[in-house]
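The form predicted alone is given below as one chain in structure tokens.
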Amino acid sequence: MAEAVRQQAEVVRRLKQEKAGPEEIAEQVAKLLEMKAAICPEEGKQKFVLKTPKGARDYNPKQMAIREKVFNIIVSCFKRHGAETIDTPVFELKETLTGKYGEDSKLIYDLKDQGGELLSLRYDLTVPFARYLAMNKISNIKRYHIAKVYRRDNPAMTRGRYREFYQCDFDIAGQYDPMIPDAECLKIVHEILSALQLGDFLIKVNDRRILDGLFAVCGVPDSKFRTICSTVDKLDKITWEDVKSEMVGEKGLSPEVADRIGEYVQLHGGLGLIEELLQDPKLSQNKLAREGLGDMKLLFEYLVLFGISAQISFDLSLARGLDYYTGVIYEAVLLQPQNDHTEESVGVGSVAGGGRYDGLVGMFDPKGRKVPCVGVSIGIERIFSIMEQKAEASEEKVRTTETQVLVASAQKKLLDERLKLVSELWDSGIKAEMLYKKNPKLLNQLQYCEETGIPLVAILGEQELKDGVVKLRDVTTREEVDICRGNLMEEIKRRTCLS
């Protein structure tokens, strides 16, 4: 056995020297560890580390209460706009996801083959949605989907960047008149960010056709459009000089072409800028750019009617890296004042993004049947991080239950009566609790209400039972009133609806 271990160790050493693939090396290392464990069982045992996997996290009840509040705001907005919901598997066939995300494809989590199918964890909710539409031959739907997605990324958990996280997607699929669904998606982002009260925000919009036209007139080869797109998209994080350096040094563009791109991608504004670019001698000659600018003008006219144009900026640096976008693209960023002496604001991170992807469904349809789609994804994890920080900073008490009343007793040997009353309350649809002790002290029961934020206490005592009443106590004001047993349910509902 020792000789077999030595030979296996040699195999591992040789594979490392030959720079074999990481999967092959990992497989041989696993075999070596198994052999070592068989010879020296104690030596093979590693100390168990109790932790969550890298890039994932647990959520305590307080955090979950904040999450539920955010989800409720988002879902109510989606429903207000007439969306229905669907669900899809957490993993897809690997070929379903391959080739849809451009340079980000390297972040897809592949699963080990367990049953004759090569599978990957879903990277987003958009590609599974397109697969769902093609598979079920659906040509019109307005849907939302809230679920976890996975990215084999280097997590930055303090900035709300994880390997496992939720996405909240809203999409409109179908053939409609230009820019009406697109404008509604932007209205939804505006409604949600306003309702969440995260502070000032800006929604940047652009169009992939404008970008492609811009690259063409600046002299970028067709084969480099997408890779240059992903570099331009970094302009909100790094300076133009760094972007230009990457274009020239890493992507192989000439400095002259990069400078021509720079003249455009640093522009941002509104309808005035769109009008100006429609008259631009170079851009106006490009069919794609002309179409994109025409639709952008129409979009802004609708945004004015929706009353949200003040928070929308036409920004030529916005590129969004995903390959499947075909038209309008947008991204919402939160703003904060740069310092006390200026009114300028700076972005502190994207909290929503989306756009039009008219060709994605056709990639899955056997007949190449296209279904135009436009949608938005709310960056829920970053929003959660901000909401948690705000709750901590304000030291506000976050309720983690929705209990309306605690059934308590003032004397001993009243467990049976408490059980009967709490059961009556549950059967009436009232959210009620009681302490799991036969004879709890009244003070302990009242303290429990104060700690958990329960607003009312229904107190039973021998005298109350004789009189057919329940003493109802308001935990905050400490006011007590005797309520006839038959009227208790309505009184609790009345008081907790008002609170």
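Treat the numbers as computed from the prediction; the structure is a model and nothing was measured. Residue positions are given as counts along the sequence shown, with the first one as 1.
Just so you know, the form predicted together with another copy of the chain exists too; it's not on screen, but the next bit is about it.
Asks: Does the 4.5 Å heavy atom contact test between residue 68 and another copy of the chain in the predicted complex come out positive?
Replies: It does: once another copy of the chain is placed as it appears in the predicted complex, residue 68 has a heavy atom within 4.5 Å of it.
Asks: Can you work out whether residue 238 and another copy of the chain are in contact in the predicted complex, taking contact to mean some heavy atom pair no more than 4.5 Å apart?
Replies: Judged by the heavy-atom cut-off of 4.5 Å, residue 238 is well away from another copy of the chain in the predicted complex.
Asks: Looking in the predicted complex, any heavy atom of residue 351 within 4.5 Å of another copy of the chain?
Replies: Although another copy of the chain is absent here, residue 351 would stay clear of it in the predicted complex, with no heavy atoms inside 4.5 Å.
Asks: Closest heavy atom of residue 468 to another copy of the chain in the predicted complex, within 4.5 Å or not?
Replies: Output for residue 468 is no: heavy atoms all beyond 4.5 Å of another copy of the chain.
Asks: Answer yes or no: in the predicted complex, does another copy of the chain come within 4.5 Å of a heavy atom in every one of 283, 320 and 358?
Replies: Zero of three within 4.5 Å in the predicted complex.
Asks: If we take heavy atoms and a 4.5 Å cut-off, which stretch out of 238 to 246, 275 to 283, 222 to 230, 171 to 179 is in contact with another copy of the chain in the predicted complex?
Replies: That would be 171 to 179.
Asks: If you check 390, 251, 297, 152 against another copy of the chain in the predicted complex, which one has a heavy atom within 4.5 Å?
Replies: Only one listed residue qualifies here, and that residue is 152.
Asks: Using a 4.5 Å cut on heavy atoms, which of 196, 371, 218, 108 is close to another copy of the chain in the predicted complex?
Replies: Only one listed residue qualifies here, and that residue is 108.
Asks: Could you list which residues of 49 to 88 come within 4.5 Å of another copy of the chain in the predicted complex, counting heavy atoms only?
Replies: The stretch touches the partner through 49, 50, 51, 52, 53, 54, 56, 57, 58, 59, 60, 61, 64, 67, 68, 79, 80, 81, 82, 83, 84, 85, 86, 87, 88.
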